[in-house]
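Presented as structure tokens, the chain that follows is alone, the form predicted alone.
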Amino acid sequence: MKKILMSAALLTSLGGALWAQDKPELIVYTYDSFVTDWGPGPAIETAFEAVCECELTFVPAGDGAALLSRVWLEGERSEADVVLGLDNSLMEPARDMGIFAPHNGIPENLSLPVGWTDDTFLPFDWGYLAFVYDNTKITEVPDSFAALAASDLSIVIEDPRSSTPGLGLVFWVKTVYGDDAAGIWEDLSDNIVTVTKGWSEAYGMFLEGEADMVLSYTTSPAYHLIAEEDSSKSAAIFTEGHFMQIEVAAKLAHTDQNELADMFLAFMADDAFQSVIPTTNWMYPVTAQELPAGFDTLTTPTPIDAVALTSDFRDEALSEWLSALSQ
């Protein structure tokens, strides 16, 4: 009898293992904070696996531009089926690489401040870049880049060559100041404590008191208010407007999980995905969602009238930034 029970248990175990192996796997490269315990990754993985009859695997692969560089270098050898975590400032170079395939259609329930017509990239959240500070320590808050540069405040920013917020900042300055952007960067260079590879490192330095302000989002104070009941963090609102970052995802052209990839991209507009964005990724959802208490305290800035983020514009903006900070 004991042997029979053991054999039955063994067969059950093997059957379960074989069933698990038969489930297709969708691999999504994303940025590091997305897959943390406090990020949206775990909840989205559970929700998607409940409807896809598959295994969803998130792979942390660096911030924004670093993420794009990785899939470019890996080419068709990449295990990724989908890349999640690029943004509107990276869409043009990503498209030019020729490694992404068109999606299966734009969800009808998208609700963004701007229209969306792109046939390759689909948005999953958005927010305004801003400098976050401790309002118990700073009372004279700069209301422009010029005012920030003229102050004695220290800031930490992210590298535009590896980080989407960092690249957004470079576009922000260039859009607002045009031919005078190089001069603004020269004036700001004395304020910059350091340039980090990604957002997590920069925000961590700010929280540890290593800088007065950090490049983040107008929604960042909502995290402290909701998760920590701490109202000491605020976003400086600039009269010259703010850069709106839209985070996007796309499927790789070489994927052998085409249907699953399309299913995941469509799922990004589902309530199960969008409802967790505000209190895990601390950004705005791309569909109509009831925002949690605390978001109503945030100041909505004026979006800048951003120029087309062309390669010439990007190259010039990056060159000005690098030149000013290398002096």
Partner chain sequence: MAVRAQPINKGIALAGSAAILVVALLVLAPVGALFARAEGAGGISTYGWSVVRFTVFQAVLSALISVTLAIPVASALARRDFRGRGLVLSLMGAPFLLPSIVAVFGLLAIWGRSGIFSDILASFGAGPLDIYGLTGILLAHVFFNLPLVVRMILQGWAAVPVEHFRLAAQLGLGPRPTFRLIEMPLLRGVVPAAFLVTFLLCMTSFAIVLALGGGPKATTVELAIYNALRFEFDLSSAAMLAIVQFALCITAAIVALNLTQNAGFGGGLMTARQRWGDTRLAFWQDTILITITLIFLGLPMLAILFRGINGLGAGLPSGILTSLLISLGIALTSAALAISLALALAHLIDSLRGKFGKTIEVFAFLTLAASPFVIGTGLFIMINPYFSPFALALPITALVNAAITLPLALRILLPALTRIRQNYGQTADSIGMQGWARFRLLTWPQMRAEIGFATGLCAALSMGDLGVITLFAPPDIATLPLVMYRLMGSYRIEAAAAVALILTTSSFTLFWIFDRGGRLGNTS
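As the structure is a computational prediction, the values presented were derived from the model and not from experiment. Positions refer to the first chain, counted from 1.
Keep in mind that the form predicted together with the partner chain is missing from the display, and what follows is about it.
Visitor: May I ask you to choose, among 268, 65, 277, 26, the residue with a heavy atom within 4.5 Å of the partner chain in the predicted bound form?
Guide: Filtering the options by heavy-atom distance leaves 65.
Visitor: Scan 216, 255, 234, 88 and let me know which has any heavy atom within 4.5 Å of the partner chain in the predicted bound form.
Guide: None of the other options qualify; the answer is 216.
Visitor: From the candidate stretches 187-195, 118-126, 236-244, 104-112, select the single one in contact with the partner chain in the predicted bound form, where contact means a heavy atom within 4.5 Å.
Guide: After filtering at 4.5 Å, what remains is 187-195.
Visitor: Using a 4.5 angstroms cut-off on non-hydrogen atoms, would residue 299 count as touching the partner chain in the predicted bound form?
Guide: No, residue 299 stays farther than 4.5 Å from the partner chain in the predicted bound form.
Visitor: Can you tell me if residue 60 lies within 4.5 angstroms of the partner chain in the predicted bound form, counting non-hydrogen atoms only?
Guide: Result yes; residue 60 sits at the interface with the partner chain in the predicted bound form.
Visitor: Taking any heavy atom pair closer than or equal to 4.5 Å as contact, tell me whether residue 203 reaches the partner chain in the predicted bound form.
Guide: Yes.
Visitor: Using 4.5 Å between non-hydrogen atoms, is residue 150 touching the partner chain in the predicted bound form?
Guide: No, residue 150 is distant from the partner.
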